[in-house]
Structures are given as C-alpha cells and as structure tokens.
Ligand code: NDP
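Okay, so here's just one chain, in structure tokens, the form predicted alone.
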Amino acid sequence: MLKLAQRNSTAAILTQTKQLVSIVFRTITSGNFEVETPLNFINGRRKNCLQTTTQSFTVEEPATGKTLCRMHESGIEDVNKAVNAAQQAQHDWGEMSGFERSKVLQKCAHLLKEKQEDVARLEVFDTGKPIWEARGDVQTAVDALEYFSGIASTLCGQHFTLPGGSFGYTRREPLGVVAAIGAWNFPIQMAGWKSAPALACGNAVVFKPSEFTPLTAVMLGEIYKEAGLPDGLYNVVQGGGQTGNLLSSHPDIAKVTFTGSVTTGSKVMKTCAGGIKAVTLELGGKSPLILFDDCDITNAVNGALLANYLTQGQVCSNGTRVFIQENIFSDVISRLVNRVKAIKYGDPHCEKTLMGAMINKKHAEKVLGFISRAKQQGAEVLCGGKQIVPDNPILHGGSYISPCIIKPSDDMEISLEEVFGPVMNVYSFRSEEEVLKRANDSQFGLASGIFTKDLNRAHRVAAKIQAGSCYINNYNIYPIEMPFGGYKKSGIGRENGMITLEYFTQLKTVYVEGGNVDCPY
C-alpha cells in the first residue's frame, strides 16, 4: 500500500503543474483529494455551470469512497455556450490545410506524453484502476493524436476522368461540431480516441465525460490549449443523461459519437434520427474466447486473464465467455484458478496492485447480484466473486470484488447479459461446429478471440464469428491503426484506423463540364 508521504508527493506533483492543469488538490483525509476548480471547459477556460438549479453530482474516489468534488449538471445555457464556441472556432480550423492541423496536433501529442504521469495519477483518482493501467490508457490517447495528426494531411478525394473532356472529383469536408459522449471506464482514452480524429478532419468537439469520471477530460483540454490548439475547438461539459440529451438533440451538432450501454445508445440513436445526425455507437459486449486443444496453454491462460480482469473487468470488449475444449478443460481451469487467486488487489496507486476498486458501490452490488443469482440457478463458483475489504483502512470506503471464475450454463442470465465486472464464465466444448454456434448465440458482437496453433482453423473460425474484432492468440490489444467497433447490438461505426476519417467527414462530389451544355429544351 502507498504510504501517506507518497500520496502527498503525488499531490505535490499535481500542484506543481497547476499552471498547466489549473487543478488544486487539497488532502481532506489520508489518500483523498478534493477538486476545487470548475470542471466545465469552454472556449479555452474552466467555467462554472451557468445554471446552478440543475441536478448536482457528488463525485467519489472509487478507491476510498471519499468525495473528490461536487458539480452541477450542465444545462441548456452551458451546452449552448460550448456549441457556440465550437462553431466559431471550427470555421477557421476547417479551412486550414490538413498539414497545418497536423502540426498543432503533433504538439498536443508531445505535451500529453510529457504529462503522462500527471494525467495517469488523476485517472486513478477518477476510475480506481491500477496506475500501470492508467499509464497505458494515457498512452492510447497519445497514440491517437500521433496517428491522426500523421494522416490529417492525407485527407483527399478521388478524381474521375469523364467523356468529352469533362471530369469530376470528390472532396472530404468537415462535418462541423461533433458531440462526443464518453463512458466511465476509459475516460482519457475516450477523450483522445474521439477528439483526435474529429480535430484532424477539421471539426470542433464538445465532449461530455461520464458524471462519475469528470477530471481527466478537462486536463486534456488544458494540455490542448497549451500546445496551441485554438480556443473553442475542444470543450467539455459535465453532466449525466440530461446533458447528453441536450447535446444529442442540439440543432448545431452535426454528429454524435457515443460509448456506453445499449440502452443509452438506443436513446442517443433515436434522438439523432430526429435531427438526421450522423452517429457512431460503441456499446456493450458478451464476447467469446475460444481455447482449442492444440493451443499453447500458457499463452491461452494469459490471454484469458487479459480478456477478463483489466480495469476490474469493467471493459466492454472483454472475452467473458471462455470456451475451453473438453480434453484440456481441467488443466486450463486449474491454471486459471491458481493465477486468479494470486491477483493482488488494493490501493490502485501502488505499483504492485494488479486490481483496483469498482467504480462505485452501486455498480459493485450489481455485479455481486449477477453472481448471486447465477449460484441460485446452479452455477458453480470456482473462485472469488465476493466483496472484500482491503487491509488498508484508507480503502475501506471503496468497493472491491475478488476476481471470479464461474461455471454457468449457456442459458443463465450471467451468460446472456453483460456483467461488467471481474467475472470470467468458463464452458466446455467438443467440436468447432458446436462452439461456433454457441459463441454466436448472443445479442452482442463486439469482440472475440481464438487460441490455436492451427492457423487455417484460426482464419476459418475468425471468418465465421459474428463480431467486429477477432483476436488470434492474444486478447484486448488495441493498435490505433486497426478499426474497433461491433456487430449486432454492440454498435455501429468504427473508431481508430483510416476508416474513422469517413465517420468524421462528409463527401462532396464536384462535376466539371469540359464541353457545351446539351439541352433538349
């Protein structure tokens, strides 16, 4: 566990960077901080909510349950102010060349990399995930900025040679103002993944983080500003569903990119349909991971652990349905149980911690409810699945669940619904045909995985699995060059990769006549 002095040194580091991030943390109890500055970021500055009559939120530090800050939900005046600032800034930004935008975004990437540790520490306070994971999340935002800054200058259309000396061409043009709505499990990653391509394509962004994790999105805005991004191009409005609805329905928002639950995603899509807005949705999952009997079992076990326990299992793409071929089932289960029992949980700021706290008590109770009902239905818990209290009294207000392995049947609730916690379901199977049928029997289709030494089988199964991503002999790897998104109820559209440019631009076709107009009238 981290000692008080070490935590105070973290506070000192953040205080030293206050000219950059404008955040002052004050130690209120051992290991807890309070944010005292405004959390809306509009037109290059932190702003208080204009409407203090709106709903207020208490933001808790997941690791301790102590209060980090209190904030009001952004109302229509706040959203209008952010959208107006974005509109004004987008006009000049959209007329710049891709190369000019690229140079600004490269500076943003470099500065974010310099501040990686500061942002990561703040991300831990926000999410409760271990510090080593938070550092990786910041790196994914850096990667997005570097990647999309590199391709901003390559935005182009096509040229068409037509009869009689005529020709045509297409232009990729910005959409305008993009509303980006993030989830609480990867706040800084989502802010980077959504803002980097939008900005590279000449758009402006109004970002709404989850009301549970409001901090790092604002810090990113101040990094953007210091790096030279013009004021108004990246704005942050805080709030819950009401604020999200105001953004989705705003007449001056051209596109909404949303990450979150299927239920909320459906509402966002319905609202966008009313305004004929473009929409990208990255939603839930119940992804299959298939371990064939010829796999490298050590790698397969490692892959199954990565597929289930990052961010305390609160990952939409997790391979939570692990299908293990019957003749290696006992061996794999024995290894998995031993490894899972050895996972060190506790203070997420501690370098040795492998699993931190659930986002909040309500969500922890929801996860435990899934496990309890599964046991009542006859599922066998092989290890974990209990609420635990860390030794460090500072952490007693947080919600911690011991990582769980459970053996249910395919038709149980826990096999059908997204649990979003540290719960691995394991199943035995006999044949390729059988496991494909079971793997595809889901309303979701976000990700999937295969472990086998037979690459012909790997490609054959990958082609038949109904999911937007398929990992062969690894899991939960997100190269920025490769698109990410789902089939079925797991969403529409893609993030990352070159294809993303199509989701943040609109295509204009230009026809140029080379001769005289042939008119029959």
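Values in this document were obtained by computation on a predicted structure and should not be read as measured data. The first residue of the sequence shown is number 1, and the count goes up from there.
One more form of this protein should be noted, the form predicted in complex with the ligand, which is absent from this view; the next part is about it.
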{"item": "Ligand-site call, the ligand overlaid in the predicted bound form, backbone or C-beta contacts under 2.4 Å, 3+ atoms", "value": "open"}
{"item": "Contact residue in the predicted bound form, chosen from Met355, Cys295, Ala183, Val367 - any heavy atom within 4.5 Å of the ligand", "value": "Ala183"}
{"item": "Listed residue (Ser415, Thr280, Ser248, Gln90) with a non-hydrogen atom within 4.5 angstroms of the ligand in the predicted bound form", "value": "Ser248"}
{"item": "Interface stretch in the predicted bound form with the ligand - options 214-222, 418-426, 158-166, 144-152, non-hydrogen atom within 4.5 Å", "value": "418-426"}
{"item": "Exercise: Gly136 in contact with the ligand in the predicted bound form, heavy atom 4.5 Å", "value": "no"}
{"item": "Contact flag, Gly128 vs the ligand in the predicted bound form, heavy atom cut 4.5 Å", "value": "no"}
{"item": "Heavy atom of Gly239 within 4.5 Å of the ligand in the predicted bound form", "value": "yes"}
{"item": "is_contact(Thr140, the ligand) in the predicted bound form, heavy atom dist at most 4.5 Å", "value": "no"}
{"item": "Contact set, 264-302 vs the ligand in the predicted bound form - heavy atom within 4.5 angstroms", "value": "Thr264, Lys267, Val268, Glu282, Leu283, Gly284, Gly285"}
